[in-house]
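So this first bit is one chain, no partners, the form predicted alone, shown in structure tokens.
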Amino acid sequence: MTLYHGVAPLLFQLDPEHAHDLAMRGLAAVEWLLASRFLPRPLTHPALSQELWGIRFPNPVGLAAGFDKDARAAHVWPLLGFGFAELGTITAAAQPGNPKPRLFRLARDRAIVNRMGFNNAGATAIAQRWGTHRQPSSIPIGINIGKSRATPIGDAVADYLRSFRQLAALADYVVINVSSPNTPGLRDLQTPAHLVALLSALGAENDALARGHGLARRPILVKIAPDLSEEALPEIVAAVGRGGASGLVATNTTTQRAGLRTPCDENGGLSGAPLRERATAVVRTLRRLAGPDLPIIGVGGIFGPLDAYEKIRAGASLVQLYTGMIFEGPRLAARVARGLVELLQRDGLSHVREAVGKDA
């Protein structure tokens, strides 16, 4: 048992969102110290370091979107062992999110239900603050963008474009979130027509910004829901290809509640251990459909090295965690990364890329 497991019962006495806010305030204070003094070295190993989209990832274990919504702790995540971090979700308009309470722990299930609703300071404010003070990070930084709640679906493309223009130059890659269950109508954007239109518009803007700033084009990824039918997944892969996306993030939270030990009638997205098998199955199907070349980030139910390795062997080149850190502690990413090296050695593999899709 780690020190964290000893104090976790006390932390779990706090309201979940209050506990998260306290954690982010502490991390933001550390961020200020780091950004003004030195950049922490990331955890890496020759078997884990890899290049995707022209970006060097020191290890394949990343922070999932949803924890650092306002991009306040980008330099802290390498200290905790993360090989990359995805910040947000950020919307074009500042918004408070859904009414509280909106975050719930299901301790017996090692799960979280949230209906936060993209609460964030908005793309303009975050870009101004972060762009003014940002120092180069020692790990790749992704930005996750979503639709503002007040924006009708018919105006969604323009809304995403506003966020992209503000934030793309600050990010190493950009993820479009079209799969949160907590913004009404958002998942409609996963339909092929909507998705191709959105990706095509962002691709054109990507080209324009790259020319204007003299920068490389930013990889654009699509984050999808675990609740898509098996029939819908080939359509997603085809739409991603037609729209020119650089990769997929699988998966977001689920609206399903089957098999829970904790009674739960709260609306929102479920994350954590109950999502692991479904998220891995989606990764495996996407890898079979997309072939070997489209990078996939696997998310959902990672609580240890074996969970991460399962997703990599199913077809993920990178993995992300969030809920696992709530239950296993802040050093989970480091433990997972080191454990992956041991698992690769156990299986006679010299590099993580050799494991990608091995079970697909």
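The first residue of the sequence shown is number 1, and the count goes up from there. These figures come from a predicted structure and were not determined experimentally.
Another form, the form predicted together with a small molecule, is not on view; read the next lines as being about it.
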Query raised in the report: Any of the heavy atoms of Lys223 lying within 4.5 Å of the small molecule in the model of the complex?
Result: yes
Query - Residue contact check: Lys69 to the small molecule in the model of the complex, 4.5 Å heavy atom - result: yes
Query raised in the report: With a 4.5 Å heavy atom cut-off, would you call Gly142 a contact of the small molecule in the model of the complex?
Result: no
**Report entry** 4.5 Å heavy atom contact, Asn114 and the small molecule in the model of the complex
**Finding:** yes
Report summary line: Note: the small molecule not shown here; in the model of the complex, the stretch from 318 to 326, 25 to 33, 49 to 57, 287 to 295 having heavy atoms within 4.5 Å of it is 318 to 326
Query raised in the report: Counting only heavy atoms and a 4.5 Å cut-off, does the small molecule in the model of the complex sit next to every one of Val61, Phe84 and Val356?
Result: no
Query raised in the report: Pick from Ser163, Thr280, Thr183, Asn252: which has a non-hydrogen atom within 4.5 Å of the small molecule in the model of the complex?
Result: Asn252
**Report entry** Residue (of Gly268, Pro219, Gly272, Pro78) lying close to the small molecule in the model of the complex, criterion heavy atoms within 4.5 Å
**Finding:** Gly272
